[in-house]
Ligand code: BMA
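Presented below, as structure tokens, is a lone chain in the form predicted on its own.
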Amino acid sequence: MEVLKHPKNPILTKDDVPFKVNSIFNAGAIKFNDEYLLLCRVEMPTGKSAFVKAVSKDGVNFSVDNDLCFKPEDHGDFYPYVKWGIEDVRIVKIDDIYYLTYTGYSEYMPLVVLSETKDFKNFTVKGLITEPSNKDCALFPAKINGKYYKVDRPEAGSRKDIWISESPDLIHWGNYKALASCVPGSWESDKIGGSTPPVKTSEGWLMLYHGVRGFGNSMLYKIGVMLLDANEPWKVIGRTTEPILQPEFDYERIGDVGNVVFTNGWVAEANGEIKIYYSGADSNISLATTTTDYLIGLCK
């Protein structure tokens, strides 16, 4: 099975939101109470971003809540670091807690915030887990050899690489290692960043990432896959040489930011199918389906 874009795409647009927003896009995704749950980024008329929840029985037809569930003003002492918006959440479940990693934006530049919830109604902000400038952070959904791991994308001058680090408690991070870098002259020549939280497979940790290439006066965002070692996740077993998703249709080419496909949420089913929730042109939420076996094959 290749990567197939759903015929109903886009499955969510701002017209599906029951209150006024500029756009809905870049959703974290998880299974919760036997439903598909998306924690969607919405840009409000003020220009600031916050999160709204959408749920579905079938993973295709979603109902969006009547109000925001998590916004910058809910961050207490951490509000100065998120007052311009919270963006692009990744969700993992560890034991009985759902952990959110997302970008906080303010005059201090982007950085990564960690929060937790058990019900997607009440959220506890645990703290900042990177310095600026950093984003595209996802936790591994299980400890590896007794330690938590995360990937993120710090900026160091002109370099925009994916890094991996470890923690005993999800708050204090160290043992940083560069995980993956841009490939000059390719579709991912200008910058890369982690997309979805890693998924454990029989072959290792599977994760999506985005690659960016300058194109005229704009940037082209596409999505690739990499496979990491199960016990030493800082080792890349394999990585796609071609993107698995790229802008093709009007809903991916025309919008707030043109020529972009971007994902930060997917759901791996028990039967091996994967639902990838991605956005086109920073203006909608769309769906693509594939299988873990197919993606692993691309990496090997």
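Position 1 is the first residue in the sequence shown; the rest follow in order. What you see is a predicted model, and the numbers here were worked out from it, not measured in a lab.
Here the subject shifts to the form predicted together with the named molecule, a form of this protein not shown in this document.
For the residues Val260, Leu245, Val52, Ala29, the 4.5 Å heavy atom test against the named molecule in the predicted bound form is passed only by Val260. With the partner omitted here, the stretch from 260-268, 58-66, 228-236, 247-255 that lies within 4.5 Å of the named molecule by heavy atoms in the predicted bound form is 260-268. The shortest heavy atom separation between Lys150 and the named molecule in the predicted bound form exceeds 4.5 Å. When the named molecule is considered in the predicted bound form, Lys71 lies well away from it, no heavy atom lying within 4.5 Å. In the predicted bound form, at least one heavy atom of Asp88 sits within 4.5 Å of a heavy atom of the named molecule. Interface membership of Asp282, defined by any non-hydrogen atom within 4.5 Å of the named molecule in the predicted bound form, is confirmed. Along 181-207, a non-hydrogen atom within 4.5 Å of the named molecule in the predicted bound form is carried only by Lys191.
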